[in-house]
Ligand code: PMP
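This document opens with one chain alone, in structure tokens, the form predicted on its own.
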């Protein structure tokens, strides 16, 4: 079935959606995006995602040609047009078409694109039995070079680490920053449980501050847990009681081995499973 896509000011069939070969989003990865989830017809934390999109765009001096309200409406229109109650949305803003060369001032007509579809990032068995991940040799891009808090169209750093994970037989890989500290995985934030406390790397470790990550921190506090941002190294992960990842597409998924080392009991832990259950309750509330 042909999907319906929103571009700039209207909905259209996917085979009519076109982006210029001179668009700097295509040529140079010059643009920003967000991934969102809808549950029972409602987008989870839509306002937070749109605020982060605007923050990313402002950081790269990209003016989005629609208002926040118009973009939110476009997201909901696209879900409705595709008859998706539980779906995944990719919201993209490109720099627009321009001349060959890096100069962003020689571009025009930034493109606002909304795509909605279903998604199943990981098989159900991974949520029940846990993921195996490995540490990638590819480092997280240094914040001084390109802030990881900008959710840009250039994801090559993450893709290179993802390839390392796939070549090792794992669907996800851990990325360290230039100081050897734990940053995040290629598409998800990471948490550990130690002594009943929840720990996750801080923003200055070189992470994207995930919407799901923040929701899980809130849920942990509501459940009476100690939940803190803390600098972590691999030793902390290897010796943790539990480990799990969070992300818009992944939601909350347990990790049971890292670099071949068993984490805790080698099975999804009770705190991980409780937070996963609480998260699913939250998104459908």
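Positions refer to the first chain, counted from 1. Not measured: the values here are computed from a predicted model.
The form predicted together with the ligand is left out here; the points below concern that form.
Interface membership of residue 31, defined by any non-hydrogen atom within 4.5 Å of the ligand in the predicted complex, is ruled out.
Residue contact check for residue 210: one or more of its heavy atoms lie within 4.5 Å of the ligand in the predicted complex.
Remark: residue 189 counts among the residues lining the ligand in the predicted complex, judged by a heavy atom distance of 4.5 Å or less. Among heavy atoms of residue 45, none comes within 4.5 Å of the ligand in the predicted complex. Looking at 211-219, 126-134, 110-118, 71-79, the stretch with residues near the ligand in the predicted complex, meaning non-hydrogen atoms within 4.5 angstroms, turns out to be 211-219. In the predicted complex, the ligand lies within 4.5 angstroms of at least one heavy atom of each of the following residues of 145-173: 151, 155, 158, in sequence order.
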